[in-house]
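A single chain, nothing else alongside it, follows as structure tokens in the form predicted on its own.
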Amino acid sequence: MSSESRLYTFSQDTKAALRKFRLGTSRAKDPQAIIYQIDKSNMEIKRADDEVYTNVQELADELPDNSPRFVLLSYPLTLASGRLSVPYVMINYLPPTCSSEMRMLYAGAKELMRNQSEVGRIIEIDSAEDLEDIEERLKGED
């Protein structure tokens, strides 16, 4: 057992919700995103709210200015070849204004969250405005 999995926890409900979201978004017609945070009191990784965001701008508006977050994103797009692709990624949102304690907390949990959510890749961003060009970043993954 890795040290990360002993330090950070996921409730059974969160684990089930992660799996359901991953399986349920593969055929979605619109982008879908869920924001996760770490509860410092018990080191549990859990949803920040009950929203499933389908609009990237609304998602950007919900990201706090001074706290990191993990965002799971399923984003349907059409590639240059005309093929439909639905990348499932984790966005590691780490604003420059957050404390070093929070940076370390989220850095330590990043790989555990990646493994638990079974995302294809991690995209690092440091401002909510970085979500504006998310489609280009996703298309560049091939």
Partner chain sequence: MPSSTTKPEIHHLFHAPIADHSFSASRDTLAVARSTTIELYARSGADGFRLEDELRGHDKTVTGVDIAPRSGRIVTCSQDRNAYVWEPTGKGGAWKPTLVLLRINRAATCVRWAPNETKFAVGSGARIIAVCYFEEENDWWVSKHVKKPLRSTVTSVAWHPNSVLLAAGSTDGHARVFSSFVKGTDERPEASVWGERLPFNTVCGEYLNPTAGWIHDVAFSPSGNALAFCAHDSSVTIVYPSSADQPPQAVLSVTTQLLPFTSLLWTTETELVAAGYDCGVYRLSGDTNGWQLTGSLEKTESSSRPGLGEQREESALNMFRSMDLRGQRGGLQEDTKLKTTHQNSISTLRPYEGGLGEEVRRISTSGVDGRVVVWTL
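Residue numbers count along the first chain shown, from 1. Fair warning: this is a prediction, and the values are worked out from it, not measured in the lab.
Although not depicted, the form predicted in complex with the partner chain is the subject of the following passage.
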Legend entry - Position in contact with the partner chain when the complex is considered in the model of the complex, options Ile34, Ile38, Ile91, Cys98, heavy atoms within 4.5 Å: Cys98
Legend entry - Listed residue (Asn115, Asn66, Gln57, Thr78) with a non-hydrogen atom within 4.5 angstroms of the partner chain in the model of the complex: Asn66
Legend entry - Proximity to the partner chain in the model of the complex (heavy atom, within 4.5 Å), stretch among 98-106, 81-89, 24-32, 43-51: 98-106
